[in-house]
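In structure tokens, the next block holds one chain alone, the form predicted on its own.
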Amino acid sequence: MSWSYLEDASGAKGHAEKICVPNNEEELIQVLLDAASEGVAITIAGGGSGLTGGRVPFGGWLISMEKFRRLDVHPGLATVGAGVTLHELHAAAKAANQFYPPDPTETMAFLGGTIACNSSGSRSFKYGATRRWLLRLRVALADGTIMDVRRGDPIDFDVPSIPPPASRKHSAGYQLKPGMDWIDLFCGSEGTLGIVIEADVQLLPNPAELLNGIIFFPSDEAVHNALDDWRNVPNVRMLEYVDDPALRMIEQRYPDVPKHARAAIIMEQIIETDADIDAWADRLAAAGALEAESWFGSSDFDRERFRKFRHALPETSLAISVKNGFPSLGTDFSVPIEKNREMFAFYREHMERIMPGHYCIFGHVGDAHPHVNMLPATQQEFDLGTEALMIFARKAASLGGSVSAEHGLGKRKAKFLPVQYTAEQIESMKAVKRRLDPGWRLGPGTFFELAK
């Protein structure tokens, strides 16, 4: 990862009094003890691929977990250090004919960071987010205490129940409920309760055969109609959306994208019989897809080609933001499936008013979680885009959705926490924070906006 310790992929930049890169658990504990004795704040750094500023320090000490590199693969599980990248985990699992189901787009992200944010990705349509696949966590608390907890180990204090949103994906704040276990508390806490050292994650056997496709459509309406049907297709693992501006954004890299395509769906399905493949001919015809121009494949080569196509979307939009001289502005909001069209229309109408021609929409539409990526070319557009993020957050919450579906809130989006939760609910979260980190030293400013 090319990002320095004091910034992340969003362009957020900070400063630290000291940068610590412990080689092992003993050194990590000593850093924490030293920080505790001096009352110094601690920010935890993963791979730097985050988009919310969570790993960016504003004073205090920064601890990078890059040296925690354990990676042992066994049947059904892997023991993985916080500094192992998703790419390395995927490769090791594949060598054992297994796979790790969560599929965040940025494979150079550290596993510890994905646990901190309860990350998800394209395959989450079938498999859900990171939390679902954690079997064990080894965590360091702010005072140097080490906890080694397994799935089902209950927390030892009472918490209220905070109702989750009705959307399928959600990663904002502590997911509190009576009787919860430690893993569910630490996962998604964004480094504010403890530091993930390593984890046991569940692996699944590789499917015998997969069908992958990038299916092009003549209109957005045709895409939404197809999605209403295709969400119910058995064994579909991925349904990703790409709008016309996003297709045009990457067409220099992919000149064979049909010029008359106005949207696309990236699809992946586990194939059990030949009938699973044959059924797509009827589906494409019924949906009015551009069947002859669409791309299909079932080999590892095809899957990697399509993965790179999908990854080119955020990669290119981020590069445009950097070139224009502005931090990234992108949504991470989800809504219930039945509200997907309403939220889409709201996005489109607002963006056409404030930033026509300087945005695109792509992402996890199977879960009603597309990303609006703003590409402001002027300070006025950037300011309007910043205002739009709050408008979109309120709209998503009003529809029963989440203000953070997979990236976490970090520091840049901490202002959205009160959009999702009441003051009483936030105070319940703060009480948990005080219990595990009485000095309020871990991750200051991450989703609590420096308030105690």
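All residue numbers refer to positions in the sequence shown, first residue = 1. The model shown is predicted, which means the values in this text are computed figures rather than measured ones.
Keep in mind that the form predicted together with a small molecule is missing from the display, and what follows is about it.
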item	value
is_contact(residue 269, the small molecule) in the model of the complex, heavy atom dist at most 4.5 Å	no
Distance check, residue 318 to the small molecule in the model of the complex, heavy atom within 4.5 Å	yes
Residue contact check: residue 366 to the small molecule in the model of the complex, 4.5 Å heavy atom	no
Partner contact for residue 31 in the model of the complex: the small molecule, 4.5 angstroms, heavy atom	no
Listed residue that, although the small molecule is not shown, lies within 4.5 Å of it in the model of the complex (heavy atoms), from 172, 264, 196, 335	196
The unique member of 436, 16, 9, 429 whose heavy atoms fall within 4.5 Å of the small molecule in the model of the complex	9
Location of the small molecule contact in the model of the complex, chosen stretch of 243-251, 342-350, 321-329, 102-110 [non-hydrogen atom, 4.5 Å]	102-110
